[in-house]
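Okay, here we've got a single chain as structure tokens, the form predicted on its own, with questions on binding and movement later.
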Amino acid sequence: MTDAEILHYITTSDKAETEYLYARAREVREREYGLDVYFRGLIEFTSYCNNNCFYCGIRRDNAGARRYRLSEAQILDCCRTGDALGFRTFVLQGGEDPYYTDDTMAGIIRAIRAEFPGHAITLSIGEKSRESYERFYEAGADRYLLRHETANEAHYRAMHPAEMRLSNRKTCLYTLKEIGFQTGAGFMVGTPFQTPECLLEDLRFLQALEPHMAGIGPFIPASNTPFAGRPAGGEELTLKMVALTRLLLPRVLLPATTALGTLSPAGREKALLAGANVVMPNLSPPGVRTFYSLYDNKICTGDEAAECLRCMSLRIKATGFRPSMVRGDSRITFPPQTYPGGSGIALSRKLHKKAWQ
């Protein structure tokens, strides 16, 4: 698609054209992944964060945020709950919390890997050094999610404090791929100061990066943040971006995000019909879920894991797709088996290659 064609679909108000876009995206996802919708078990293990992003409810300067940390034992209990329910992927997500040192994180990853050798372990814990990423990979992590949020430099500057750099985030993403992680990027839709050209730039960056996963969800304001009074992103525009991402990266794994379900009661189902093929029910202890408040009014914070799984499975079936509890690895080709990290990284990749296949 040309830039002009992409911008046309981003800005069009023609319902027939928009439905055509969704239908084409559906065809591509069914060609690449069939009707399966992959489940990931989300464990939000810390609401502390050193960063001060203007849009985020757990930003460092939000004095009203409720903070918590899960211990290794609590994280393992969440994994056991998920395993008993059939989950084969665990996603450890949290703020950039210095309490969890590289040693601590590597220990947690090794403990999960020892108990669940065939499961996928995904991390979503922000910007780290190459050395840190290599340690996590050697410990047994398979995947890493790091949304770039916006690929436009001026827009990034308007959304983040001066000490944060878009260039560093992009470097981290390419580093993760070089090491051998199944790597996820992504962006918010409808953030303040965003233009159609910003969204085009996001799509072109994803094409250049070719991530294994791409998380795309609407901006939803969070209390006690600089963007608290801003309007939320739109459902239709978010769905268009999901569909365009599917068409431009046919084999990417695309979540139907909780944020879209928060914005609209049927938002996740609509995302599946626009090309998405992943959902991420919450395995965190119910007592802390409301404290991981990246944005206001987040859904499913009071549900037990089993209840959330049943509800989401019924929703998926009603949309015409199949709930799938397999690992659900990306079909995007993995990079060569030689890395600057040396024999340790190569050995770790060799040990996990069979599971990926």
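Residue indices: 1-based, along the sequence shown. Since we're looking at a predicted model, the values are computed, not measured.
The same protein also exists as the form predicted together with S-adenosyl-L-homocysteine; that form is not shown, yet it is the one meant from here on.
Trainee: If contact means any heavy atom within 4.5 Å, which of 83 to 91, 216 to 224, 174 to 182, 274 to 282 contacts S-adenosyl-L-homocysteine in the model of the complex?
Mentor: Of the stretches listed, the one contacting the partner is 216 to 224.
Trainee: Would you check, heavy atoms only and a 4.5 Å threshold, whether residue 124 touches S-adenosyl-L-homocysteine in the model of the complex?
Mentor: Result yes; residue 124 sits at the interface with S-adenosyl-L-homocysteine in the model of the complex.
Trainee: Considering non-hydrogen atoms and a 4.5 Å limit, does S-adenosyl-L-homocysteine approach residue 113 in the model of the complex?
Mentor: Outside the cut-off, so no.
Trainee: Tell me, yes or no, whether residue 119 is in contact with S-adenosyl-L-homocysteine in the model of the complex, where a contact means a heavy atom of each within 4.5 Å.
Mentor: Residue-level check for residue 119: no, no contact with S-adenosyl-L-homocysteine.
Trainee: Indicate whether residue 146 is a 4.5 Å heavy atom neighbour of S-adenosyl-L-homocysteine in the model of the complex.
Mentor: Heavy-atom contact with S-adenosyl-L-homocysteine at 4.5 Å: present for residue 146.
Trainee: Please pick, from 56, 325, 288, 70, the one residue with any non-hydrogen atom lying within 4.5 angstroms of S-adenosyl-L-homocysteine in the model of the complex.
Mentor: Result of the distance check: 56.
Trainee: Just to confirm, with a 4.5 Å cut-off on non-hydrogen atoms, which of 188, 78, 254, 199 contacts S-adenosyl-L-homocysteine in the model of the complex?
Mentor: Among 188, 78, 254, 199, a heavy atom within 4.5 Å of S-adenosyl-L-homocysteine in the model of the complex occurs only for 188.
Trainee: Output the sequence-ordered list of residues from 277 to 313 with at least one heavy atom within 4.5 Å of S-adenosyl-L-homocysteine in the model of the complex.
Mentor: 292, 294, 295 sit within 4.5 Å of the partner.
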